[in-house]
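Two versions of one and the same chain are coming, encoded as structure tokens; call them structure 1 and structure 2.
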Structure 1
Amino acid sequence: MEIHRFEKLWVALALLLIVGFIGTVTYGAVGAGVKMVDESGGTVDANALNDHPRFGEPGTYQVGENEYEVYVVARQFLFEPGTNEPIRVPAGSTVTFHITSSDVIHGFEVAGTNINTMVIPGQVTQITVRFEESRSYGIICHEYCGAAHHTMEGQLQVVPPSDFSSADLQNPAVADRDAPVNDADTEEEDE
């Protein structure tokens, strides 16, 4: 087969570019540790979330010294928690989100961050992140989920550890063991 000299050079450069791209993605996964959303969240019965030990009472659970698990249920057209009351986590902690849907496919994007995932009924999306600074983030449903899809939003508040109290937890008993909580703080947290 006859291939022009310049064409050969071009093919070589193209292949180099492709291998380079694959290399950067591989480095991101192996070197920088960017983990993909995968099957580790497992499956649930979308029609019986109320019976689930955690999704039945979605919210923030403390599971370790500085480790939290946040269970979020997305449904037409709100995040629970998130929409009616903000998701609250303390800064400087490791937070694992477990997100599922009770009806249709939704999206879960924390605007301005890399937290950006699909929420599929029957599947649990699991993402682990570390928040260093205290600030508020907006949460958007970015997958069309029905006529009022554009109203589906929420808020994530990363608060200083001193502002975080057992009232923010679904399993306060765990937190009470570790640190006494000042009840006065909890009043101000509702915005």
Structure 2
Amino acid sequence: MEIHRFEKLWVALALLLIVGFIGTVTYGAVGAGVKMVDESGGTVDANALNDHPRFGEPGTYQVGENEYEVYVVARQFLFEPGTNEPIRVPAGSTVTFHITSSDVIHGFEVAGTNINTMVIPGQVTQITVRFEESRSYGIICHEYCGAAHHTMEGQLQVVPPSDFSSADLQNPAVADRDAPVNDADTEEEDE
């Protein structure tokens, strides 16, 4: 059976695309560290976020030397904090973001970084990042969340450690480091 040279060319191109697709997915998972949102962040009651010890007062919490946790609530059409006031963290620190939504599905992307996730009501997404340099980043919602979705944006400021102060923290005294941070933690303590 003779195969026309154009058919051979298209078969070769199709195989090349398949290999390229598999290579891209493999690079994203292994090389770039792209991973799926899992259940490690736990869950919270999306209708009672104001009663939550951290999501009730979202912001930056210091949990160790050069270690911070940032609690962010996404709601139509803002990030709290982020939109009305920027999220501020010091350069050279390790930051774990805990993000949830109080209403509908949102997106949370810090432009120019690998921080990019879907935000689901009641599901807490955890992302840990180390910021080495001082810089400002834009935060955008990339999931259509309503009529004013295009206005949902915020800002993350990585500032020099000398410019970072206790005024940027929700817990300047690091007093409630061991407080439960999600409903799953509370349930475990009750047992």
Partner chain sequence: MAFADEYKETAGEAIPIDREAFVDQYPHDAFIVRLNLAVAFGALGVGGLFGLIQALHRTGIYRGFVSSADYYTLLTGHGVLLALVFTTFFITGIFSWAVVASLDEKLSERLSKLWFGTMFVGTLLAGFAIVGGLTGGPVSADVLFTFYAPMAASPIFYLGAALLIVGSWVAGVDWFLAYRRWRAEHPDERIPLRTFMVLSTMLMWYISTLGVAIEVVVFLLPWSLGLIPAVDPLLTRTLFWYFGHPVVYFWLMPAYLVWYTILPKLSGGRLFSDPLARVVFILFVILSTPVGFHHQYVDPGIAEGFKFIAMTNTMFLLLPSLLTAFTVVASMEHGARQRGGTGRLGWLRALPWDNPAFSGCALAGLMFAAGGFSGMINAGMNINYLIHNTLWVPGHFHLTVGTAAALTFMAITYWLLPQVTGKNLKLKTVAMVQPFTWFVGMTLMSNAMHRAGLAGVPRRTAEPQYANVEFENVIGGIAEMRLQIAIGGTILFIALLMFLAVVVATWFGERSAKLEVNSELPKPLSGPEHSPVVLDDLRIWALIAIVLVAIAYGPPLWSMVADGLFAPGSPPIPV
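Residue indices: 1-based, along structure 1. In this text, the rigid core denotes the largest set of C-alpha atoms whose superposition between the two forms falls within 1.5 Å. These figures come from a predicted structure and were not determined experimentally.
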Item to complete: Eyeball the pair and call it: which is the form predicted together with its partner chain?
Response: 1
Discussion item. Please report, in Å, how much the Cα atom of Leu9 moves between the two structures when the rigid core is superposed.
Written reply: 14.7
